[in-house]
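There is one chain below, alone, in structure tokens, taken in the form predicted alone.
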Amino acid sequence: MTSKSRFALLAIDQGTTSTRAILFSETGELLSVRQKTLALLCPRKGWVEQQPETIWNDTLQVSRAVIEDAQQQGLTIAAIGIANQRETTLIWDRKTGQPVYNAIVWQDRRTADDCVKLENAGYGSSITEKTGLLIDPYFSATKIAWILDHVPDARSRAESGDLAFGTIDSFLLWRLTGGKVHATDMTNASRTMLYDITHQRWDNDLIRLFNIPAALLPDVKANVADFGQTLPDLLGAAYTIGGMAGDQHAALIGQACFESGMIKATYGTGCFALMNIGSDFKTSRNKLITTIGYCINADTHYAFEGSIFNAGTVIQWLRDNLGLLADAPQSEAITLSVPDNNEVYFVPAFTGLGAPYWQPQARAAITGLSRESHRAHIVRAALEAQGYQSRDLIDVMMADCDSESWLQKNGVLRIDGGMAGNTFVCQFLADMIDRVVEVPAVMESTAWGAAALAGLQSNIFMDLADISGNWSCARRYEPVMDASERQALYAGWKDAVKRVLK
């Protein structure tokens, strides 16, 4: 497949379970993709880590392969965009570039007790007012503090300016530019619990609260910016890195959710629903977090976000830990082999419950098992959990949003991610939230969003309307479930959740 244009955009999509490089045409046509699976390390209960050098080497390998594909197709790469798993925390030596500890992944719960202490000390409201976030080990601040307090000499080296902190985007940028650029973007900064998203700056009071040396922190740029150039000996040329965003924010852009009230949900390792709430900062009344959706040309849009920590991980667990599946696609056929869930519910709180519960100590449970229960009921319950968890989020988003918003008027949810390819999940989701679900033609919304940001910086695109013009719907699911059945199933879910709440 070739592009009509000689220009292409390269997206580096560094996710929780894989690292990918994807080459796009200016219309979003996927021209090449390379992927490396990334392992999660769980050295203790509740701890989740990754090896930074593996992330880096995989990034180089997939990027070089896609660049070679571009050259074979006679294409010129106009710019690179980076999307990344958010909150995952790294600290490295400024001189050597070597991390002082493994990357602590966003799913990690080791600082849960520290977060409880902060909440009990009364810091919750002030943190929310500045950052839009709730106190939770999910975010980066307590992870940074943990590394400084548990790695020998880390704190003294940080205070002397010898170390640098970054989320994965910042780490990759540092390496790609040969240590010339220590920066992040506003969306990733807004996930650290250290960044004031109303004044758009690192907050000195929060830096003191978490006892984090300011010298550790990267510069913060808008999502479309000149982030520097790659070293020629790394990727074969000096490519401009023109866009960066956290993966969920990149998907918001890739799904062209530029109007207040538009909402997207990405079903990957976890599920994350973001609703554009416009240019005014607001806090949720229902335990959603407020985050910077994107900042382009000094125009900042905020978003409400609902975070589900485990979505695709449930299917991986059934496959790898229990052996109930040969592969992920098999889950749909197994689910459809039974007419219903036989009152079995699966609450996938492997790493706690996110929105709207925010219970880091909760643990997963399968409820309602009986002598008639078998493999298919458990698999079906795992897939149905995506619809129930999503309804948890959509219900509170509807309660929080303006009655004149796009969501209220149009009643459409745009979805992407691996589980968006599962027909049962899509239809059950539409039935459970009682709204239309749309799946885009460009399924790689996260990577496409990062590429689109780079396209804006390199003038491939003139404005957001150019990006919106490339969005189209590939599949549309209308709700068909009877209201009484919907309510009965959801009531069973709520009862199951109560059993795991602490």
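Numbers follow the displayed sequence, beginning with 1. Computed from a predicted structure; not experimentally measured.
One more form of this protein, predicted together with a small molecule, exists but is not displayed; see below.
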Original post:
Which residue among T240, S260, T177, N422 has a heavy atom within 4.5 angstroms of the small molecule in the predicted complex?
Top reply: N422
Original post:
If you check S307, S331, T167, T291 against the small molecule in the predicted complex, which one has a heavy atom within 4.5 Å?
Top reply: S331
**OP:** Report whether all of V105, S140 and G246 sit within 4.5 Å of the small molecule in the predicted complex, measuring from non-hydrogen atoms.
**Re:** no
Original post:
Can any non-hydrogen atom of F227 be found within 4.5 angstroms of the small molecule in the predicted complex?
Top reply: no
**OP:** Consider T269 of the chain shown here, and say whether it contacts the small molecule in the predicted complex, taking contact as heavy atoms within 4.5 Å.
**Re:** yes
Original post:
Taking 4.5 angstroms as the cut-off for heavy atoms, does S279 touch the small molecule in the predicted complex?
Top reply: no
Original post:
Might Q316 be said to contact the small molecule in the predicted complex, defining contact as any heavy atom within 4.5 Å?
Top reply: yes
Subject >> Segment assignment from 169-177, 337-345, 202-210, 321-329: heavy atom within 4.5 Å of the small molecule in the predicted complex >> reply: 321-329
